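Starting off, we have a lone chain in the form predicted on its own, written out as structure tokens.
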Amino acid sequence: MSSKGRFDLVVVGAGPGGYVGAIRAAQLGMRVAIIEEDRPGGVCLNWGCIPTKALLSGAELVEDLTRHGETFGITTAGLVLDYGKLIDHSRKTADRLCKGVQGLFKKNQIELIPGRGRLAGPNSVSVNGEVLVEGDQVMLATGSSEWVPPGLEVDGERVLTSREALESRQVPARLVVIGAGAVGIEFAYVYAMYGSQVTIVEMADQMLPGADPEVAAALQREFRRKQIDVRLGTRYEELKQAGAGVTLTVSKEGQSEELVCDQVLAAIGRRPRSQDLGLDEAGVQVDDKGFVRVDDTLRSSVASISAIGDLAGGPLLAHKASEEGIAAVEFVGGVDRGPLDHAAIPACIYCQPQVAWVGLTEAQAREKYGDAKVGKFPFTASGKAIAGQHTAGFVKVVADPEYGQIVGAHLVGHGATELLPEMGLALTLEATTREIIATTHAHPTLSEALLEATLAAEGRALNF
């Protein structure tokens, strides 16, 4: 086995956690190698976050034109939708950013080694079983992959995961999406806007399990207004293919039903890519789901090996992986910093209306404090939202009852993902309702909804 020499840090996986961590290590003066078997940027940039946002941008434009065009004096008669061109745009977007990451590696003198990395010891990684890369420290950032239940065979034509959907150039007449998590509802929205009759099947009793129930209910109402059939408390049982179609057997409260469709999108969940990574041989401990066990400094049971992102457990979010990549490197590099606050990691879903939240839900705050200050403001009362015809949804702000410290925020509506960071900063700074209220919010903006919701938490709402 040939050798690539020794580095200060060897990173396995060039996704949003691995490549950002590698860059931060280079900034700290480390000699860094990064191993990637697919394309720089990982799943997020190439087959997840970025290309799906390109699709969602197209879907949002279609909805605005068809639903609100006449209001703005735009005639949409004869509108032609070419989904293949949208896929082209999505792939070009991913390609452009992939090249950008490669450029960042060159700029920061990070050596990119193509191939599949596998631990060969506490300080070494083999690449395709042919090349040995040694490092004082090893950071595992291999991410996660789609989980598909037994009996649901993915063929890329009638049964897809998000990976196949990002290359499929056809819009099925009838689509069943299994799973109402972020991936499922984003694709459901895209396909519905491009003309598919969409049914969502979710075994939980709300969309976006884990989200504030009031937010989830608002999203469900909006999806039904878009003629998307949302079936909650419904379990997938069996799939049969017949001719060009698919028959899906589902059950609810012990009653079975058959759904006939042209295509099925499995968006049930993800699992860590910890298989065949050499973890056992290197002495790295994992939990019963395959996630690597890490401490507050993101080190595994082997001191020289850290694990970040999806491999180290939930939430399975790209920005969580990036923050962990930076944190892990800074701990190794001796930077004076505290552990990452996972409770303040935001969640964003990019269908329309968008959903975004950070911190505690209303129920969690009441459980923790015994009570909570809660303020809500609907976008139907926002001048900017009314002007833009985006009045669905609301903002909810949650604060502790004694000091008014902001402990959570939950948004559903147009632009929710862009509004959320103000509330994230409030959590970081331990800001109170008084400080948000004392901050002048420009008029007219959607951000005024944050101010109004905070005012409402103090019983001082002005415009609702």
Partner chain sequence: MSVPVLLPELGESVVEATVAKWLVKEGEAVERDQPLVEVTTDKVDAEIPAPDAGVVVQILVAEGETIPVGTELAKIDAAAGATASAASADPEAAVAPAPPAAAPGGAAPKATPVAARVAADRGVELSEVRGTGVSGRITRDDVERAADASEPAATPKPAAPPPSAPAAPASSAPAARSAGPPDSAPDLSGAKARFGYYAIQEGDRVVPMSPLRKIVAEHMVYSKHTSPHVGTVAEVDMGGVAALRARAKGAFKEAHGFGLTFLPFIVHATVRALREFPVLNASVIEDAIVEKRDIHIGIAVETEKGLVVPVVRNADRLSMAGLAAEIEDLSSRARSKKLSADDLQGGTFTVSNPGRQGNLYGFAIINQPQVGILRMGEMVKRPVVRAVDGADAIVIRPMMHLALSYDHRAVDGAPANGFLYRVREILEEADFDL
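Positions refer to the first chain, counted from 1. Small disclaimer: the values here were computed from a predicted structure and weren't measured.
The protein also exists as the form predicted together with the partner chain; that form is not presented, and the subsequent description refers to it.
Looking at Glu130, you'd find every heavy atom of it more than 4.5 angstroms from the partner chain in the model of the complex. Interface residue remark: Glu402 is counted as part of the site for the partner chain in the model of the complex, having a heavy atom within 4.5 Å. Although the partner is absent here, Leu429 is a contact residue: one of its heavy atoms lies within 4.5 angstroms of the partner chain in the model of the complex. Contact between Asp296 and the partner chain in the model of the complex is found at the 4.5 Å heavy atom cutoff. Screening Gly73, Gly370, Pro149, Gly103 for any heavy atom within 4.5 Å of the partner chain in the model of the complex leaves a single hit, Gly370.
With the partner removed from view, the residue among Arg434, Lys53, Arg67, Arg31 that has a non-hydrogen atom within 4.5 Å of the partner chain in the model of the complex turns out to be Arg434.
Of the candidate stretches 187-195, 334-342, 270-278, 354-362, only 334-342 has residues with heavy atoms within 4.5 Å of the partner chain in the model of the complex.
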